[in-house]
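Presented below, as structure tokens, is a lone chain in the form predicted on its own.
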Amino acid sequence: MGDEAEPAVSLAHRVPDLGALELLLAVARLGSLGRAARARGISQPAASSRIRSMERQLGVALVERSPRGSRLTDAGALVTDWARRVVEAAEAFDAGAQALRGRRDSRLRVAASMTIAEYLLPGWLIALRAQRPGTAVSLLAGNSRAVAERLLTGAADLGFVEGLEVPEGLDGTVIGHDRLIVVAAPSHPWTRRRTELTAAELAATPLILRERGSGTRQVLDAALARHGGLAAPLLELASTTAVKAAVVSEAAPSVLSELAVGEELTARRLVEIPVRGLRLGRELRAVWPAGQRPAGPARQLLGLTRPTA
């Protein structure tokens, strides 16, 4: 058999770390190990130990010590020249990283499902603007499925969803709770019932509903699955505002977030229809790509969210 290739040794094991290189540069600049130690904020014994460790790592003497001070050996002068270039490159790297962080912190891309986008986020974003007036915020509103897609493709920094669980590939935290209610126009026969509507009756009625993929539809589908499942919708609409308008026009009842219909209920443009034995609660969540905790303005916005119930 031929000779086996020797395993590669990591560059990190062969090249001194930045702290050691910066100490060597300080010795060259100040002409004394003691002064270099004070400039770097470490003790002289620690500085001496670090230089000796670097000499063992490189296999050459770098500094000659004497009562009059410390001076570089010929090899030390050469290593110092290389060290200066490495430290300058590291400083350029750090400056670039800071610029990237600054660019990240100057913008925030939020994706939110419709109820949160329309009824909760405006207040949070106003509070965020008061704290970070220089941050440009863009809001992408869609259903919970679209929010997940935007986060997973890097098109959003933070998301908010209303479904039953955290979408696959995302992490999240509960920021509040919501309740779905059945609503109808005041003229609808359900508003004059003497008995409560049953879940089976609701399931069998063609309703005006949000599209599949929305958090509202997901919760409703799950709740009515044991009652025969939802009948084919009379209309499927992509926004809560459109659904409300269709219900107010007396087309058919709907199931919507309690957050979304408060004004219409108060003005009696819509009426809540009680349903016996049916619970339609759901959790509101902030979500982000798995393993990537929100940072910068996304983290700040997350801190501004408060439970809604």
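In this text, residue numbers run from 1 along the sequence as written. All values reported here derive from a predicted model rather than from experimental measurement.
Below, we refer to the form predicted together with the DNA, which is not included among the displayed structures.
- Message: By the heavy atom within 4.5 Å rule, which residue out of 38, 276, 29, 269 makes contact with the DNA in the predicted bound form?
- Response: So the residue touching the DNA in the predicted bound form, by this definition, is 38.
- So in the predicted bound form, does any heavy atom of residue 241 sit within 4.5 Å of the DNA? Outside the cut-off, so no.
- Query: Looking in the predicted bound form, any heavy atom of residue 33 within 4.5 Å of the DNA?
  - Reply: Although the DNA is absent here, residue 33 would touch it in the predicted bound form, with heavy atoms inside 4.5 Å.
- Message: Can you work out whether residue 59 and the DNA are in contact in the predicted bound form, taking contact to mean some heavy atom pair no more than 4.5 Å apart?
- Response: Although the DNA is absent here, residue 59 would stay clear of it in the predicted bound form, with no heavy atoms inside 4.5 Å.
- Interface membership of residue 69, the DNA in the predicted bound form, 4.5 Å heavy atom rule: Answer yes; at least one heavy atom of residue 69 falls within 4.5 Å of the DNA in the predicted bound form.
- Of the listed stretches (276 to 284, 243 to 251, 46 to 54, 257 to 265), which one has a non-hydrogen atom within 4.5 Å of the DNA in the predicted bound form? Going by heavy atoms within 4.5 Å, the stretch is 46 to 54.
- Item | Joint contact, 17, 42 and 65 to the DNA in the predicted bound form, by non-hydrogen atom at 4.5 Å | Every residue of the spot touches the DNA in the predicted bound form.
- Determine the residues of 152 to 171 with a heavy atom within 4.5 Å of the DNA in the predicted bound form and present them in sequence order; the list may be empty. Contacts from 152 to 171: none.
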